[in-house]
Structure formats: C-alpha cells, structure tokens
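So this first bit is one chain, no partners, the form predicted alone, shown in structure tokens.
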C-alpha cells in the first residue's frame, strides 16, 4: 500500500433484513507530504465484497462491471480525505435477498497496484 495512505470502511454494525446498507470508504493521506494515487477508472472506483460467515462470497459490487482501462492520477495533499459512497440492497448474486445472519464486508480501492489496498473486514449483522 502507498505509504501514508489510510483506508477506512464505514458501515452500520446491524441492519434490518431487506434494507439498503450504505457504505463509505474514507481514503486518507495521513502523511506530512502530498502523494499521488494512481486510480483505475474515470472516477475513483472501489469494490465491495460481502461474504457469509463461512467465507463464501455473497455479493460483489463490481461483479460483471467493465472498468475503463484509464489510469487517473489523483494528487492528495497531506491530511486530505476522499470519501467514496456505495450501497447494497442485500441481494446476493442470485438476486434473492440474503438471509438474516452475520456477514463480512471488505472494501477494495482500485489502483494500479497488483494487490490493491483494502480497508479490511467489517462485520455486519442482518436481522
């Protein structure tokens, strides 16, 4: 990951079944100097992957999406934060609303890196 770059996934810990779940990915420059992010796509793009308690993928935000082969340079000043937003309607890859239970969410920032940075896992309970 780029030195000084921080990623934080913000999402509720508990949601009612069938309700849209909002996600925010905070991308920050925690260093004392400016840095350049090399992002894929015309706009800053990030993926969200939701897995069930057994680790099976339930939903992926960019499943089947075509991301333009455009590399965008985004300069970030020291301390600057970029907030990206998305949501999930709780439908799995089959189109059905997921069952109540525990899910893990990972946000991945699409960069030029072979192993793009991620915000780690966030636990969500669907009731």
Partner chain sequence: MRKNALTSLAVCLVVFGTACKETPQPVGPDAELQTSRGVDLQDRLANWHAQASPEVLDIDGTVFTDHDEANARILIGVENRGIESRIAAIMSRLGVPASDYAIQVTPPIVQLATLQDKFRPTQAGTQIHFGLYLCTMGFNVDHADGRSFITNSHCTNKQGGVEATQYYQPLSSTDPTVIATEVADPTYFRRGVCPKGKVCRYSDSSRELYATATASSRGVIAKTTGANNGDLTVAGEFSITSQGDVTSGTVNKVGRTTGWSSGPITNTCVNTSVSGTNIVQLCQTFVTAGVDGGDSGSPVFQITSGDNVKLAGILWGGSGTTVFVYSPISQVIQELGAITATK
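The shown structure was predicted, so the numbers you read here are calculated from the model rather than taken from an experiment. Residue numbers count along the first chain shown, from 1.
The discussion below concerns the form predicted in complex with its partner chain, not included here.
For its partner chain in the predicted bound form, the listed stretch (49 to 57, 24 to 32, 86 to 94, 62 to 70) containing residues with heavy atoms inside 4.5 Å is 62 to 70. For the chain shown alone, residue 13 is not a contact residue for its partner chain in the predicted bound form, no non-hydrogen atom being within 4.5 angstroms.
Although the partner is absent here, residue 77 lies well away from its partner chain in the predicted bound form, with no heavy atom inside 4.5 Å. Interface residue remark: residue 41 is counted as part of the site for its partner chain in the predicted bound form, having a heavy atom within 4.5 Å. Residues of 96 to 119 lying near its partner chain in the predicted bound form, listed in sequence order, are 111, 112, 113, the criterion being any heavy atom within 4.5 Å.
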